[in-house]
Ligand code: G3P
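Next up is one chain by itself, shown in structure tokens, the form predicted alone.
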């Protein structure tokens, strides 16, 4: 696993709060605003193709219904992933992971690919995502997941791609969790990061990042503690602060 240089900010789910989540339109908007990093979620459809979507079901973010894992790729591609966000985005398609990676490469964006497996599909999802990532530039990619099983499958398929373990809360045995998942970095909820935890991570030389940071004061606190990067919905708020890498 080679070195990875974090952008200071990742646009959460592609375009943050300014565009429909997990769409090419959101990724493109983040790039236009000057962000150098985007984060998005991916899970498998019925055909085993990784699509960008957060939920296991389609209703919240598309005009479809049912389980993503039971929906064919051709049917997913026909769904409207923008109409529920705003009429201006009506007709925005749900993209595949491959389409999103192609766009990130064209726009020179660092992509944090969150592996978001549907229930019971952790290994299959990690392996499928890993196979796609293995063909890409590892310096511009970071795989993350709450699922150690998905991360292990991704590691086997794409050992050169850096990986980060996602934790909603950080238990005292976090070093064991990181070692067990063979991840170089820890990503956690912003409210979980304390000065003591930041000091322990620094002592262990573990890079860390926090989600989802939507206030300037929170960003200032976390960067002062040593955050490598922050994930934000507020692309408008941090549009003047996102340039550069750590």
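Positions refer to the first chain, counted from 1. Keep in mind that this is a model prediction, so the values were computed, not measured.
Heads up, the form predicted in complex with the named molecule isn't pictured, but that's what we're talking about next.
Contact annotation for residue 89: none of its heavy atoms lies within 4.5 Å of the named molecule in the predicted complex.
Contact annotation for residue 116: at least one heavy atom lies within 4.5 Å of the named molecule in the predicted complex. Within 4.5 Å of any heavy atom of the named molecule in the predicted complex lies no heavy atom of residue 51. Mapping the unseen interface onto this chain, residue 211 counts among the residues with a heavy atom inside 4.5 Å of the named molecule in the predicted complex.
Proximity to the named molecule in the predicted complex, taken as a non-hydrogen atom within 4.5 angstroms, holds for one residue of 132, 141, 153, 166, which is 166.
Of the stretches 108 to 116, 155 to 163, 91 to 99, 69 to 77, only 108 to 116 has residues with a heavy atom within 4.5 Å of the named molecule in the predicted complex. Shown here without the named molecule, the chain has no residue in 84 to 105 lying with a heavy atom within 4.5 Å of that partner in the predicted complex.
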